[in-house]
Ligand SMILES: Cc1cc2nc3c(=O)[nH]c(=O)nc-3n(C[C@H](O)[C@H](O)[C@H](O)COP(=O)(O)OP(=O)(O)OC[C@H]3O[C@@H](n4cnc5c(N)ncnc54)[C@H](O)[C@@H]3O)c2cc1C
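One chain comes next, on its own, written as C-alpha cells: the form predicted alone.
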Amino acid sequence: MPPTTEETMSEHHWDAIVVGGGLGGLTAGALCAIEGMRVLVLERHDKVGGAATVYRRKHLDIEVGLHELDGLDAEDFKLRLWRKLDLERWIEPISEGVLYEVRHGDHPPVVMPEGFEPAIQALSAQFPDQAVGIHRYFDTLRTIQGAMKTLTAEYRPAGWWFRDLPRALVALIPNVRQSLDGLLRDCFGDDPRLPRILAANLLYYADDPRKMALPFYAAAQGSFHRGGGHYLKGGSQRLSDTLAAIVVDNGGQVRTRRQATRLLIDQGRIAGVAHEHAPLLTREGPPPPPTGEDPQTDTAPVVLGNAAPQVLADLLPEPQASKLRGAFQGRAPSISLWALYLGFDRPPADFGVAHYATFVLPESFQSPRDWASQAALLGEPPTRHSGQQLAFTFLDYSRLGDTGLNREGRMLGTLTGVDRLENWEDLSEEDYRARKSAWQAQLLERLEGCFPGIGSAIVFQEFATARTMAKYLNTPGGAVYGFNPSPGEFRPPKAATPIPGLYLASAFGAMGGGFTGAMLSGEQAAKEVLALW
C-alpha cells in the first residue's frame, strides 16, 4: 500500500523494522543488527525499555519493572543469548544470596535461600514431616527444566535425537497439561504450609496455580532456585540502553517518540511501517490522542512486533487484521499489577526489613490459590478489613548495596501486588484518584504494621495501578507478562505470525513473559528472520 499524500517517504529502506522498543524487540533488533541487517527501532516513549525502564521523581530513581532476573548461571537458557550479545561486558548482576522471605500473619518468617540443595535442606529442617514432598517438588522442577533445555538447545551433539530426545520427551509430555496446583497437591496433599512458601512469588507469573502451566513454572522458578535472583547494576534501563546501543553501533537506528500508525502490506506480506510523532504520556489522565505530526513511512520486508497481537492487528488492514486476531483467539492475557513506589531517607533495615524481597501474606491467606482472589479487592474502596487482606511483596533495593542508582541519600522500596484493569477503567478521574489515595493509605498502614516506624522514613510515594500499566505498556488489560501461561498451551517456539514478514518479539511471543521470556522471544524471532535472510 503506498503512503498517503500526507506521509513523507523515508530515504531509508531497512532490512527489518522493530515496532516497540521493549526488551523483546530490542533483543531481536540487536541480534539481527550484529548479523549485518539494517534495523530500525520505533518506540513511542521518550526512552526505550517498556517495562525495563528507570525514571526519576524528586531526586529518586525509580525502577519500573525489574524485581529479580532469574538464573545467569551455567545452566540458564538465556546465557547463550547473554554471551552472544556480549552483555556480560556491560551488565553487572547483583544478588543478595537469598531468594526471598515469607511473612505469613503472625507466624515466624521463613527464608528461601538460593540454590536447590540449600532450599531443600532449609525447608526439610523446618518441615521434617514434608521432607519427601519437598524433594519430589524440587526434583520435578529440575527434571522438567532439564528436558526443556534439551529441546531448546541451539547446538545439539550427534546422536542427540536417539539418546537425549526420548529422555526429554518422557520427562516433559506427562507434564504438558499439568498445572502448578496439581504438582503442589501431588507433593503436599492438603497441607498448605509448603505450597504457601514455595509459590509465595507466584505473582511473578500469574495469580492462580490452577491456571499456571507446570512446564512454564518449572523453567522460570527452577531458574530462580538454581541460579538465584539478580538485580542489574544501573537498573533495567541499563540493559535496555545497552541493547539499543548494539543496534546503533551495528548500523541501525533507534527513534523514540515515534508512534506506529499502520503496518503496510504489499501483495499479502509486510512491506513497512507508517509512523508519526508521539505525544508524551502524562502521569494522570488518559493517553493523549495521536498528534498527526511528522508522518513518515519506512519500508522493510520484515517487521518485529514488540507488542500484543491485538495491538498489531489494529495497525493492519483487512483481511490481515482478522487473520492475526484469529491466530491468537481464546488466549487470555496475563495478570496486571499494582505498584507503590516509595522513597526513604533511612534504610528500611533500620525498621526490621531483613531481605531484599519480602512476601507479606495475611493470616487469611491459606494457599497459593488465594492469589486468584487478590485482584478483586481493589475493585472497591478499601475498608479496614479488605486492606488487611491484601498480599504483596516489598522490595528493599538498599539491601543490594550499590545498585548504581540513588546515590543522593534516597533509597527505593516498592510494594507490588495483583491487580486488574476492570478495577479502574470505568472510574472518573476524580474517583480514580480518590480510590488510589485510599488504597495507598491502607498499604502504608500495612507496611507500618509489619515494620513499625518505617513510615517515618518515607519521603516520597507514587502509586501505579493496572490502569497505569495499560497506558504505559499498551497491553490488553494492562497485562505485564504477555499471555497467561495456561496448562495445555505449551507449544513449540514460533515467532512467525500468519502474516508473512510479521514476527512477534515481545512478552506475547514464543517464550512467554517476564524479562527472560521477552528476551528469549526476541531471540526466537531473530533466529527465524535470520534463517530466511
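All values derive from a computational prediction rather than experimental measurement. For every residue, the number given is its place in the sequence shown, counted from 1.
The same protein has a further form, the form predicted in complex with this ligand, not shown here; the description that follows concerns it.
Asks: Can you work out whether this ligand is within 4.5 angstroms of a heavy atom in all three of Gln259, Thr475 and Ala518 in the model of the complex?
Replies: Spot residues vs this ligand: full contact, yes.
Asks: Among Leu214, Leu342, Leu198, Ala307, which has at least one heavy atom within 4.5 Å of this ligand in the model of the complex?
Replies: Selected option: Ala307.
Asks: Could you tell me which one of Met37, Leu42, Leu60, Ala495 places a heavy atom within 4.5 Å of this ligand in the model of the complex?
Replies: Contact check passes for Leu42.
Asks: This ligand isn't shown here, but in the model of the complex, which of 419-427, 89-97, 434-442, 259-267 has heavy atoms within 4.5 Å of it?
Replies: Heavy-atom contact with the partner occurs in 259-267.
Asks: Looking at the partner-bound form in the model of the complex, is Ala219 within 4.5 Å of this ligand by any heavy atom?
Replies: Looking in the model of the complex, residue contacts with this ligand do not include Ala219, since no heavy atom lies within 4.5 Å.
Asks: Within 4.5 Å, heavy atoms only: does Gly65 come near this ligand in the model of the complex?
Replies: Contact with this ligand, yes.
Asks: With the cut-off set at 4.5 Å between non-hydrogen atoms, does Ala16 touch this ligand in the model of the complex?
Replies: No, no contact at 4.5 Å.
Asks: Check whether Val303 has any heavy atom within 4.5 Å of a heavy atom of this ligand in the model of the complex, and answer yes or no.
Replies: Val303 lies outside the contact set for this ligand.
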